[in-house]
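The chain below stands alone and is given in structure tokens; this is the form predicted alone.
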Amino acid sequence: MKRITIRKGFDAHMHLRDGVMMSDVLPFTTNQFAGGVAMGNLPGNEVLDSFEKNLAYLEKIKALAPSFNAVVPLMVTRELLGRASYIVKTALKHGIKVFKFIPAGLTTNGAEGLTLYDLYTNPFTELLEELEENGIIFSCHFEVGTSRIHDDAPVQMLWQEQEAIRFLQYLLEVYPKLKIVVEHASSYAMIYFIEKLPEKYQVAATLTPHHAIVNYWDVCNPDGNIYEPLKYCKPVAKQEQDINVVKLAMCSGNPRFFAGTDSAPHLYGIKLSQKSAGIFSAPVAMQTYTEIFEQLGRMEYLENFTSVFGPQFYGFQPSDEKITLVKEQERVASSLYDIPVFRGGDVIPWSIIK
């Protein structure tokens, strides 16, 4: 029976939620990954934009999974801007080495009142200068909801990431030494832009399993309205050309690209009624990545993508723990703890040896 043993992974983009839901979903991540980046935009109105919130959340994770190497970014909000020098220096004292920015209105709890256009303003300029000077990672959700160059016209979800490339280009021109993570890159245009960057730029991108499988037309109708909320995520799934490029980037051996599942659980009722963005992929993430690498005949690159490139970019040693996957069919549960599961009901070709 075909099998592969690799280092345990590093999930560079995940959502663990809080309270009972964290207790329920965290084991699915720790079963496959030795560490990862737990995002601080929680459901409701909770955003981890202060040292107190950030460190308290990290302690909750450690209490449930003491050996899991969790990174919790400090979320950039309007309240945080304007005190950049103090904020960055204090963050370093607390061991916080990642700042995450989600523009308003694009996904769960984006920074109210802030968009990528605010990157040009003085408060953001001061923050970005401090991040660049101190080697802190700027993690960003690169999408644009409205276009000022088109009279503030709304940008269709399918093109929101592509519209944001010019903001990434601006950051590289003005802050050439800034470490940047483009979260959940999903479009041909964004991935091509990152691939062609000169080596001097410290830019990387997380790639999710669902952006390598789900097609836009499985989620939205020709009018751009969501008809299948269980497959809805942000950035929204793209088209066939984009899907193929995501797969090729995963399997390329390029250290700019590494695993970040963006696993984001929602209860069934909320997912269906509110059409909340997010796909709970943690139970099948490593199996799906493995399936993709096998399809492309690039299994020798799987470990680097899932387990090496991510921690190296974040300044960690890759884990010495191992995980073994076997070519044995597994039927995916449709739901777990009343949370719909990515690929639920499907029979997938790879399983993790428990």
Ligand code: DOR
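When you see a residue number, it is the position in the sequence shown, counting from 1. None of the values given here were measured: they were computed from a predicted structure.
Keep in mind the form predicted together with the ligand is missing from the figure; the text below concerns it.
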Original post:
Hey, of 222 to 230, 189 to 197, 160 to 168, 262 to 270, which bit sits against the ligand in the predicted complex at 4.5 Å between non-hydrogen atoms?
Top reply: 262 to 270
Subject >> Heavy atom within 4.5 Å of the ligand in the predicted complex - the one residue of 108, 202, 115, 77 that qualifies >> reply: 108
Original post:
Does any heavy atom of residue 96 come within 4.5 Å of a heavy atom of the ligand in the predicted complex?
Top reply: no
Original post:
Would residue 184 count as a contact of the ligand in the predicted complex, using a 4.5 angstroms cut-off between non-hydrogen atoms?
Top reply: yes
Original post:
Taking heavy atoms and a 4.5 Å cut-off, does residue 277 contact the ligand in the predicted complex?
Top reply: yes
**OP:** May I ask you to state whether residue 234 is within 4.5 Å of the ligand in the predicted complex, using heavy atom distances?
**Re:** yes
Subject >> Stretch 24 to 44: residues contacting the ligand in the predicted complex, 4.5 Å heavy atom cut-off >> reply: 41
